[in-house]
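Below you will find one chain, with nothing else, as structure tokens; this is the form predicted alone, and questions on how it binds or moves follow later.
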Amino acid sequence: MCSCYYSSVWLHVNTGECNLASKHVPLQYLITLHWFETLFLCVFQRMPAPIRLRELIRTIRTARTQAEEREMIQKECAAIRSSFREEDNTYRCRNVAKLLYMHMLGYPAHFGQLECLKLIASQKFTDKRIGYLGAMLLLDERQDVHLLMTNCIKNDLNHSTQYVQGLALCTLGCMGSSEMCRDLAGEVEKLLKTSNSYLRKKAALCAVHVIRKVPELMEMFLPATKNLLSEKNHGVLHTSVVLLTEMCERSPDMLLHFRKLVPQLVRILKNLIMSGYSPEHDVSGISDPFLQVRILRLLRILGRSDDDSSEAMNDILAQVATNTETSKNVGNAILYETVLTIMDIKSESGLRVLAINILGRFLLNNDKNIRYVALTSLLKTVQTDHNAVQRHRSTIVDCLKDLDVSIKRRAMELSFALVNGNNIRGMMKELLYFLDSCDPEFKADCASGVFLAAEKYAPSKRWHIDTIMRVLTTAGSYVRDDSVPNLIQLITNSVEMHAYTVQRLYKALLDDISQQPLVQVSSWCIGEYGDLLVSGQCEEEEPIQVTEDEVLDVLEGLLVSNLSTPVTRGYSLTAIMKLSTRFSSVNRIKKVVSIYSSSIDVELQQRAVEYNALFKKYDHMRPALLERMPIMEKTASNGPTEIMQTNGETEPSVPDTKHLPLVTQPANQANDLLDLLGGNDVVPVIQTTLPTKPASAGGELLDLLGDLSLSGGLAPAPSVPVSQPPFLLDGLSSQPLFNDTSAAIPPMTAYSKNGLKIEFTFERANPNPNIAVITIHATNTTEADMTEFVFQAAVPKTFQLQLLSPSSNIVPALNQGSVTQVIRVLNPQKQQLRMRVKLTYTHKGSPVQDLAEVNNFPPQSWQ
């Protein structure tokens, strides 16, 4: 009525007056009435209903730009926030649903968390459904808000409607924290025993989550698992197998308990295989492949390391492997799980061959994923079933030609694993062909694999050298750093192949100087065996006619080439210097050496200066210094001669170690050394090896000059700062290396146990009285040799310790000899010497390891 009255009044506003209850009303009063009408409508009129979810999706999809989409989302979020503030219960469910959609698009939706809890507490199923979905998406156990819904979940777990119970089980199994799991595990266990299949399968999955969060609650579900496998419903069977698998993986006791279920699982799997067509469970002609895969995984866990369980499942595994259809990807998935199960349990040899044959068939599949899976599985089994995998060698080699890089890499790794003494020639031919044509990313690994395989299975030295040179020619820039010293060692030890090798390398050097490792090896060989090259003494192939000037021209060309690295130039200069004792062109060589005495390359300059000194001061000793290298003993590592450890930082004792590969220890040895050191007040020392391989041109120089001393013994290079390289000929002075003060310092017994005795004798270093030189003498009183003998030592950080190479790694029995090793200890502060030692050796086939601490050093040794 008021609305009609005000409308009638408003009709007369334009006239300036109106008849209201037979009275004239002024215009100002009419305007006031109009303002009151507008205010009334704004306050009491109902707000429009929010748009539906489908309309929001349709609107967002019409956005042409990201900015336009963000504007739509922000506008809708503002409307949702306003609705939440007004406690609008009518459209809360709709707003939360839209909020979840925006959350799925990546926009923030945290302000709807409490609204989800309100929907969960609602009595309407539609509200609960959206509320629980929102809780699973917007909440997790890291937020305290989720604890507020514990009581609601507990009430819903006891609800009379199974769908509400299912919602609560899904939510608890998705984001329940350990506290919630402890509080609600009893309700889950009750539902696990119910006769309702719908609830049992959800309760089983929820129990899996409870066990993962609170493993000690596992025993609570043990009684409920007894009848789970008797269920006919496949959904319950599937979730039951998942629950049993989780329990077996987490508890050895549960694993032993459930092994008695193997016959029942075998029976279920057999029924699945033999059952006819069932539209409810059929997938591409196979009955419930998901359940089959789960059962196979559980059988693999139960049969691992158990003979009885493995024997009980051998027959069913053979049936699955032979009766499963392979034309569909579903069948391939089941066969793959079958293969993994056969390989993981103690299966019969015939069954393992069958499994490997299945993987061989996978290699012929057009699906790249299946081929990759087959190669990966064969790579894992090649060590245990080598002969069975060898039957598929040709198929594996064909995979090297695949366009997929992942398949090519797996095929390459498996091909190297298949190499043995019988097929080395054929496999190397294929792998070298692959090395020629493969992408650069494969060349380094392939070259490394060829090196290792050739070293292990080479049928002859010539074949070995030809193979390595082929790799250097093809992929020289991609080979490992230690390939150069390894090949040099191989050539040095193959005395009968010297002329053939130097001729082949000289030819390769004329063809290509871009492959630096090949150039370095060639330079070294020409310097060592240049006289054989010039004389044409090669018997393996037709000798070439080369003059001395031609050889020197090639080496001088390397010195000025832009392709040569500083290391390569060092090799070339050293080779030219060596040829001064093999060629007659000594004056030309002197000129070349003198030119590089002023080189801007400090490394090259120092070499040239040293070589000039040889010509001028020690020319009578030059032939002896530059004679051919002796045969090198093979060692496990190619490290520098000595390594000084100072306050935990490694400092090379000679200036050229930057070109030498560092000595590395296996992880277990490194850990053992840390165990030996104990605290933070000691400095470990890395065990060094004999100088058997020149790893760079600097290494060659050390090999030539490092063994020189007038006393005739081994004179290791002095330890000096790297910033001031030592003059390498300083050791040629007539001053003795050590003072003869051993008689003044009494020897001592540092260790005596189990027939092994370690004695220390002492000397003082002549140049530096702060350095004590300790020589250990290891003797063996038992009747058997002690092999693989290793002595390691550590001192406090105030000391510096240098451990040289031992004379041998075998301590002879019955005191028939001894092993000696020199230790240098720098003690600038004249503190009392303390040392921890670690002894490792093998005695009568058994490894022995012992630790000892030596604190009773004579005062003369450290004062």
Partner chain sequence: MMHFLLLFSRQGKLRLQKWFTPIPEREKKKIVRDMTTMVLGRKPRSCNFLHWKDLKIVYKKYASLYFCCGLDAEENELLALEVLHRYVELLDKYFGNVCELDIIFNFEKAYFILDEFLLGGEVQETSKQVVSRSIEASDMLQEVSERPRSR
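Computed from a prediction, not measured in an experiment: that's the story for all the values here. What we label the rigid core is the largest C-alpha set whose atoms superpose within 1.5 Å from one form to the other. Positions refer to the first chain, counted from 1.
The same protein has a further form, the form predicted in complex with its partner chain, not shown here; the description that follows concerns it.
Participant: Heavy atoms within 4.5 Å of its partner chain in the predicted complex: does A411 have any?
Facilitator: Close contact is absent here: in the predicted complex, A411 is far from its partner chain, nothing within 4.5 Å, heavy atoms only.
Participant: Can you tell me whether R607 touches its partner chain? I mean in the predicted complex, with a 4.5 angstroms heavy atom cut-off.
Facilitator: R607: no contact with its partner chain in the predicted complex.
Participant: Is it the case that G106, even though its partner is missing from this view, gets within 4.5 Å of its partner chain in the predicted complex, heavy atoms only?
Facilitator: Result yes; G106 sits at the interface with its partner chain in the predicted complex.
Participant: Indicate whether its partner chain has at least one heavy atom within 4.5 Å of a heavy atom of A79 in the predicted complex.
Facilitator: Contact with its partner chain, no.
Participant: With the partner absent here, would C170, R212 and I370 each sit within 4.5 Å of its partner chain in the predicted complex, counting heavy atoms only?
Facilitator: Checked in the predicted complex: all three residues contact its partner chain.
Participant: Work out which of K591, R142, R267, K260 lies within 4.5 Å of its partner chain in the predicted complex, going by heavy atoms.
Facilitator: None of the other options qualify; the answer is R142.
Participant: Among R569, H464, H238, K578, which has at least one heavy atom within 4.5 Å of its partner chain in the predicted complex?
Facilitator: Exactly one residue meets the criterion: H238.
Participant: Which of these stretches, 623-631, 372-380, 464-472, 513-521, has heavy atoms within 4.5 Å of its partner chain in the predicted complex?
Facilitator: The contacting stretch is 372-380.
Participant: Residue by residue through 53-84, tell me which have a non-hydrogen atom within 4.5 angstroms of its partner chain in the predicted complex.
Facilitator: Heavy-atom contacts within 4.5 Å come from L53, R54, I57, R58, R61, E69.
Participant: Is the shift of N233 between this form and the one not shown large enough to count as movement, that is, does its C-alpha move by 2 Å or more after the core is superposed?
Facilitator: Indeed, N233 is displaced by 2 Å or more.
Participant: After fitting the rigid core, is the C-alpha of G570 off by 2 Å or more between this form and the one not shown?
Facilitator: It does not, since the G570 C-alpha is displaced less than 2 Å between this form and the one not shown after the core fit.
Participant: Checking H209 here: with the core superposed, does its CA move 2 Å or more between this form and the one not shown?
Facilitator: Passes the 2 Å threshold, so yes.
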